[in-house]
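Let's start with one chain on its own, the form predicted alone, as structure tokens.
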């Protein structure tokens, strides 16, 4: 069984299901409400747990009731969380998220500015015991330390390259072996909306693996000088929140299990697509058996 580590942010999210996200200030009534854990790296860890990998999450939350709720939720996916740092006097991260009938969302997070950024407590001496490490961009100092240690140990050191300041992305990209962008982040960083052109621009800064998730269109990655593509299955999307996180978790799990990139991307595309069929962010992440059953019957046109 592959053993993986995810490092980054964990939150508690309140999801409000609405018909439309209002363009102007107005009072609207939600049709559904779900409370669930969130955060890029922690949701990727939860996906790994649901898909059968052994996984641990390192991050920070408050020593408060929300923190208790956050860690109980992550643990329920089979993720080890006993080395998450609980910070006295710090309010755990929370977010209010509106999700419309097309599955798109508006996210309003709150991060306590008193949060300690020091990564010195991370038990990085244990990083070489994992098959791979995945980090997000929300705690750059912690992410950088984890990536450095994994890369030095010859392990997968994957960056979930989402929207962040350019200097953060440039620094973390240089420290990773694998960089998997969100489409929006790659467009913002590269200055082009063309994913292929964006990946080629990124190649001038990174010699390792480069890929980008492109929503309903699947995944693109550089293979030598060529851009290869793996499509995603078509589903009736209800909620796209955490789909990218599920992809990242499924992708690094498949790579750690020895799957070639195309097969890993296909596995991750299916996991992310199936997640989108229900309302509830990562709560609708499919189990491994469901993904494998879909793969066994899916024929790409």
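Numbering follows the first chain given and starts at 1. The model shown is predicted, which means the values in this text are computed figures rather than measured ones. Here the rigid core means the biggest group of C-alpha atoms that line up within 1.5 Å when the two forms are laid on top of each other.
The discussion below concerns the form predicted in complex with a further copy of the same chain, not included here.
In summary, among the residues 216, 104, 183, 148, the only one with a non-hydrogen atom within 4.5 Å of a further copy of the same chain in the predicted bound form is 104. Partner contacts here mean any heavy atom within 4.5 Å of a further copy of the same chain in the predicted bound form, and among 248-256, 52-60, 232-240, 30-38 they occur only in 30-38. Of the heavy atoms in residue 220, none are within 4.5 Å of a further copy of the same chain in the predicted bound form. When contacts are judged by a 4.5 Å heavy atom cut-off, residue 155 does not count as touching a further copy of the same chain in the predicted bound form. Of the heavy atoms in residue 261, none are within 4.5 Å of a further copy of the same chain in the predicted bound form. Contact between residue 109 and a further copy of the same chain in the predicted bound form is found at the 4.5 Å heavy atom cutoff.
Candidate site formed by 14, 22 and 26: every one of these residues places a non-hydrogen atom within 4.5 angstroms of a further copy of the same chain in the predicted bound form. Residues 94, 95, 96 are the ones in 71-96 with at least one heavy atom within 4.5 Å of a further copy of the same chain in the predicted bound form, listed in sequence order. After superposing the rigid core, the C-alpha of residue 65 moves by less than 2 Å between the shown form and the other one. Once both forms are fitted on their rigid core, the CA atom of residue 29 lies 2 Å or more apart between the shown form and the other one.
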